[in-house]
Structure formats: structure tokens, C-alpha cells
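Presented as C-alpha cells, the chain that follows is alone, the form predicted alone.
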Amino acid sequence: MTRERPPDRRVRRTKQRLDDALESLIIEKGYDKTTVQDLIDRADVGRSTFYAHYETKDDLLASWGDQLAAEMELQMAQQQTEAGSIMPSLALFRHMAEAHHVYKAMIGSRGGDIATAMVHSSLLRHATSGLERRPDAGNKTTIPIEVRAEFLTGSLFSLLTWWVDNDMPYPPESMDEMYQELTRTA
């Protein structure tokens, strides 16, 4: 049995510098306008070093996004377990409030398609899971679960985008209450 070795400290440091560069550039310029050259300049690494770890800036975004998604997933899973809610929207609003500047750049009007797709996919998994766990999952309506899940995801994603684009004019708890009221019959 061979054990996989953790990444070398230099590799971890390089990846962290690239992650930090990506985050700051997304906030500053938006993802779509950020280039690999911008990333290597900001992280102060060579082009070959970048390509030793990532094939494209999209690969870097996917890696960095996986870390953010893991944090978001953990908070949403805790709320789903505690409250039995279909969509753990309060946890999501709170999570996004903590990193408002990052999410504004990622899913706001300047966000990139890849980041948007990552958040949408995560929300859709939670909506589907929440609907399937309900005791009356198939009895409440004739609308299929996958259609209801897409509706809940789309409405929450749209509301989140509006919220971050408008600099969070309401606290997370108020946004959650409004979302729950708007989607009560879903």
C-alpha cells in the first residue's frame, strides 16, 4: 500500500499565490477580463510554473472554486440537516455576505460563465435533494421534482445575483425570509 504524499510546501505556496491572484483580479477586473499573464504577474510566478499546475485559467478557477464551493456546501448541508428546509438559503446568504466582494465579482453582472455554472450546479443539487427528502415529495404537485428544483435554483440564483450586485441592501436573514415567502408553494 502506497500513501499519497501531500503536496510539497513550494507547490502549496505557489498554488496559494495563484489563488490569491485570481481572487484579487476577479474582484478588480472580473473573471472574463483576467488573463493568464495578469495572473502570473500578480502571483509573481513564471509562465511555465503556472502551466505546470494548470492547463488554463479556467482550471485555476475550478480549483479555487472547489474550495469556495466546499465551504458553501458545508454551511448549506448544516442548515438543511438542522431545519429540514428544501433550499438552505439562509446559510447561503450568510456565506455570501462573508465574502461579498468575491461573489459579486463571480456571480454578479461581471461574473464569468464558469463561476456561474459552478454555483448553479451546487444549488441545483441541494434543491433536488431537499425536494426528494420531503415526505410528500411526489404528492404535493404534478410538477416533476427536477422542474421544481430548477425553479427553486433559478429563483434563488437570480435573487443572490441581484443582492450582491446591489451591495446587499438587506441582511441575510431578511433575504432568507423573502425567498422563503416567495417560494413557499414550490
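Don't overthink the numbering: it's just position in the shown sequence, from 1. Predicted model only: the values in this text are computed from it and were never measured.
Although not depicted, the form predicted together with the DNA is the subject of the following passage.
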Quick one: T14, V36 and T49 and the DNA in the predicted bound form, is every residue within 4.5 Å by at least one heavy atom? yes
Any non-hydrogen atom of D8 within 4.5 angstroms of the DNA in the predicted bound form: yes
Find out whether any non-hydrogen atom of S121 is located within 4.5 angstroms of the DNA in the predicted bound form, and reply yes or no. no
Can you work out whether D44 and the DNA are in contact in the predicted bound form, taking contact to mean some heavy atom pair no more than 4.5 Å apart? yes
Does the DNA get within 4.5 angstroms of any non-hydrogen atom of E146 in the predicted bound form? no
Note which of E55, E132, D66, E28 lies within 4.5 Å of the DNA in the predicted bound form, where distance is taken over heavy atoms; exactly one does. E55
If we take heavy atoms and a 4.5 Å cut-off, which stretch out of 155 to 163, 66 to 74, 36 to 44, 121 to 129 is in contact with the DNA in the predicted bound form? 36 to 44
